[in-house]
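Single chain ahead, written as structure tokens, the form predicted on its own.
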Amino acid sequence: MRMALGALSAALITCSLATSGAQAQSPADGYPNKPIRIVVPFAPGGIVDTSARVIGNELSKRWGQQVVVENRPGGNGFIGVMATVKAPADGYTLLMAHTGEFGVNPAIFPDVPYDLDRDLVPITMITEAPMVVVVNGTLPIKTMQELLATAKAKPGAVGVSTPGTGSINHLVLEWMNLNTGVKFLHVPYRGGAPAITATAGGEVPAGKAALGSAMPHIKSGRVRVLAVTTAERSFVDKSWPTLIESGIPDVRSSIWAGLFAPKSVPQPIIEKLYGEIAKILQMPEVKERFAAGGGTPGGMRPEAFAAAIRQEAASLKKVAVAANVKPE
């Protein structure tokens, strides 16, 4: 009997140790042990590509593994996003995307081949920057209220440049129209640079531009900032009011970049990525890099980031439907 009890006790101890060892193991324990790629659905340059390279460079230093940025432009971001969705869910393929892929595309395209909740896991916002409403520097208009009054007196006659039909800039312009009863004339260009140049040169009286794109023209005095689109004023110049402060209710938006992973990546790997990136975003040199383009670092937790995207997407969808905005 003693021998039987002893054997049973030994077996239970062995089982307990085995179970304890299994519980101690985590998918994140050996991660990463090979190169990571960050897919960018755009050509090199711009906020998304820059964000990927800043984060990738710092992760490489911390983990001793190469992080490769892979640019997959085309198809309104569909190509790059789907390349990530179809990749193995092991944490070695990530996606750096922005407002367009998860806020704008679902709002204006009838058939988007991916779905945020179904196909991807948001890790964190990397950076965000406001758009600015500007006017040509030679005009006497000094405030957003004055611009609204001018447009109200001449419905459909006051032109506002944007980087194109269906851009986040265009949707926010239509949002302004809907929430004020004012009708601006949308003047689309093929890209942010020609759009802001048109306003700076007097071709179009006003513009809705990313702060980074507008900065050289703001500094030269060729355009004047009337308002920022974010909920809070920009650190670049605290004298610039928000749209809400300027009497345009509920209109708030930004141009952000964020990191995502395929849906089934184990949660411990998501948490490990988030933890490292949150630390990277607090580095002074990283903050300075984003600040150069008018941006601030992100760092919100995955669940908060996902909730923010859903809220933004719902708002933009309502605007697109109400204003009948269609893709080019």
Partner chain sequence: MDILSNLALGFGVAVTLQNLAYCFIGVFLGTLIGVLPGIGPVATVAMLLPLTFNLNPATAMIMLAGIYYGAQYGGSTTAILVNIPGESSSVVTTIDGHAMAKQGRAGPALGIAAIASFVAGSIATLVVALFSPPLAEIALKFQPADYFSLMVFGLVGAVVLARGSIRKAVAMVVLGLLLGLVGSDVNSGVIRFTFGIPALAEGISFAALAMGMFGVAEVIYNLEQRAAERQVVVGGIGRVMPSLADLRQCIWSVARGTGLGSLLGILPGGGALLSSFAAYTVEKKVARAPKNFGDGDIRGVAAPEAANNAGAQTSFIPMLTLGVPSNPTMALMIGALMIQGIQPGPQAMLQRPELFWGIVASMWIGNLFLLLLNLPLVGLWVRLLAVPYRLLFPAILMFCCIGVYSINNNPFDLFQLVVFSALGYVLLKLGCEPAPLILGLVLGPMMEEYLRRALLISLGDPMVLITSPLSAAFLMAALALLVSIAIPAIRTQREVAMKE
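Positions refer to the first chain, counted from 1. None of these values were measured; they are calculated from a predicted model.
FYI, the form predicted in complex with its partner chain isn't displayed, but the following is about it.
Of the candidate stretches 233-241, 145-153, 94-102, 67-75, only 67-75 has residues whose heavy atoms lie within 4.5 Å of its partner chain in the model of the complex. Using a 4.5 Å heavy atom cutoff, none of 118, 179 and 310 lies near its partner chain in the model of the complex. Although the partner is absent here, residue 57 is a contact residue: one of its heavy atoms lies within 4.5 angstroms of its partner chain in the model of the complex.
Within 4.5 Å of some heavy atom of its partner chain in the model of the complex lies at least one heavy atom of residue 50. Interface residue remark: residue 225 is not counted as part of the site for its partner chain in the model of the complex, having no heavy atom within 4.5 Å. Shown alone here, residue 204 lies within 4.5 Å of its partner chain in the model of the complex, counting heavy atoms only. Scanning 89, 139, 185, 112 against its partner chain in the model of the complex with a 4.5 Å heavy atom cut-off leaves one residue, 185.
This chain is drawn without its partner chain; in the model of the complex, the residue among 62, 263, 289, 279 with a heavy atom within 4.5 Å of it is 289. Along 161-197, a non-hydrogen atom within 4.5 Å of its partner chain in the model of the complex is carried by 165, 185, 186, 187, 188, 189, 190, 193, 197, in order along the sequence.
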